[in-house]
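One chain is shown next in structure tokens, namely the form predicted on its own.
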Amino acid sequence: MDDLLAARSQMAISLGFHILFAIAGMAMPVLMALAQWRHLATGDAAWRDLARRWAKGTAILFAVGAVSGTVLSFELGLLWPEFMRHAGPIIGMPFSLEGVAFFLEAIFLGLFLYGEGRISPRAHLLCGVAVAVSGTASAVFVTAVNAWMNEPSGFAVVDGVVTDIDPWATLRSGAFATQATHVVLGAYAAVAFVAMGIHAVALRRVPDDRMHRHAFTLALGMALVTTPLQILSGDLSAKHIAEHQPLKLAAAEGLFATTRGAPIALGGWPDAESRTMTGAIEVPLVLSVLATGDPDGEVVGLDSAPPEMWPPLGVVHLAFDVMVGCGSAMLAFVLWGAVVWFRSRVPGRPAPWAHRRLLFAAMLASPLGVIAIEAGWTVTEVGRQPWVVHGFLRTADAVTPMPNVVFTLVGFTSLFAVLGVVVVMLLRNLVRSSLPRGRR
């Protein structure tokens, strides 16, 4: 394995691992704060117990996310020194703001965990809200960096030196609004599905447990709101990418020739040599609608650039199909969930938490949002290749000259594997402790 591939593989593993904790840091505090608000509004102790358990889960995920995020910050300098030399002065502002949001999240999470009974109930709730806001803000500021890498602005290059730097340029990148919205909604939807799945398992074992009933209902409500909005934000992102990064969309769909009325390719595999899609099911006009809003709109194909500028076609197309497939399945589930929810208002109809088939489907659907997010980030990052900063700095020119990167790849991957096992064990024990003895 050459050093460039080893460095890219290490970043892929590190980002793929850290994303799991980043999305939890955005969405888990929202659920936690909502449960605490319901406890204050109703006086129901089950809501208080739920807020406490979700707070413990948030703390576990936050702690490990802090470790993996720290590793990532070291890796940027260790593996990509040329990227940091050129981009560091520009991306320093959002990373600084992310650091502030991170520390605020840590402070208010500590107050929420240990302040109950020591501060007023309203102040305690506001601490939970602050955790949710700062957790989301932290992720949004990091997303600003990635959006700038996809659509850089706010600087000039004179004799190879970056000058005239606008420190706020990352927050004004054209890709920032759509990408940040897509990331936040994706995190909320993904965590809602995971929470539904966990509590669906518990309800199938202890259907009379009020805490798990509340948890499933609240998570389902979040999924009902965020999943359709996530699909809409994905549509806006696709249109933005079609205009500003057309090769990424062309790679995702295996579109080799610029086409009007372009079809969307479901499945199949792109063959770069023959410039055809093998085994794909093509749905006419859909890609033009997705990219331009017009069934006869023109979609730029891979023929607009030489092959050496194409992203890795197979990886990008497969990841895009996985993302779209998971998103479609999630939308189908929430439509069914909405029907069950509204029918439950009719006397004699079961509540969503008592609908056995819905609970079983929630168990099966629980990982879909996380898979979709991992696949989506693969499309974003691999689809930008061969650039680390689109149109400005190539990935091959940004990598470290240090040899034997494969050793750091093995070392950090081993670290993440150990952390992953620890997290699974801690969360498993937390979930098991919520079940009555004999049913764990």
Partner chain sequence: MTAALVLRAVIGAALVAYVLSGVADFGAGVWDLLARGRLAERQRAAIAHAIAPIWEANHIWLILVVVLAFTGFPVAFAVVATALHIPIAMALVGVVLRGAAFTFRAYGLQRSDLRARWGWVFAWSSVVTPICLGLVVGGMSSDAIEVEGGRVVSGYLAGWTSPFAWGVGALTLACAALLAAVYLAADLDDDAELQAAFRRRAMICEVITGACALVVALLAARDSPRLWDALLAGPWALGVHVAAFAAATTTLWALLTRRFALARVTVGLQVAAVVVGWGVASGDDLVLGAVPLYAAGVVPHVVEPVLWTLAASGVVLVPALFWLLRVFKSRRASTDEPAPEA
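Computed from a predicted structure; not experimentally measured. Positions refer to the first chain, counted from 1.
Keep in mind the form predicted in complex with the partner chain is missing from the figure; the text below concerns it.
The candidate stretches are 22-30, 375-383, 38-46, 393-401, and the one lying within 4.5 Å of the partner chain in the predicted bound form by heavy atoms is 393-401.
Checked against the partner chain in the predicted bound form, the candidates Phe176, Phe108, Phe333, Trp341 yield a single residue with a heavy atom inside 4.5 Å, and that residue is Phe108. For the options Leu236, Leu364, Leu78, Ala354, the one in contact with the partner chain in the predicted bound form, meaning a heavy atom within 4.5 Å, is Leu78. For Gly221, no non-hydrogen atom is located within 4.5 Å of the partner chain in the predicted bound form, even though that partner is not displayed. Residue contact check for Ala202: none of its heavy atoms lie within 4.5 Å of the partner chain in the predicted bound form. When the partner chain is considered in the predicted bound form, Trp310 lies well away from it, no heavy atom lying within 4.5 Å. Shown alone here, Met84 lies within 4.5 Å of the partner chain in the predicted bound form, counting heavy atoms only.
In the predicted bound form, the residues of 90-125 lying within 4.5 Å of the partner chain by at least one heavy atom are, in order, Ile91, Gly92, Met93, Phe95, Ser96, Leu97, Gly99, Val100, Phe102, Phe103, Leu104, Ala106, Ile107, Phe108, Gly110, Leu111, Leu113, Tyr114, Gly115, Arg118, Ile119, Ala123.
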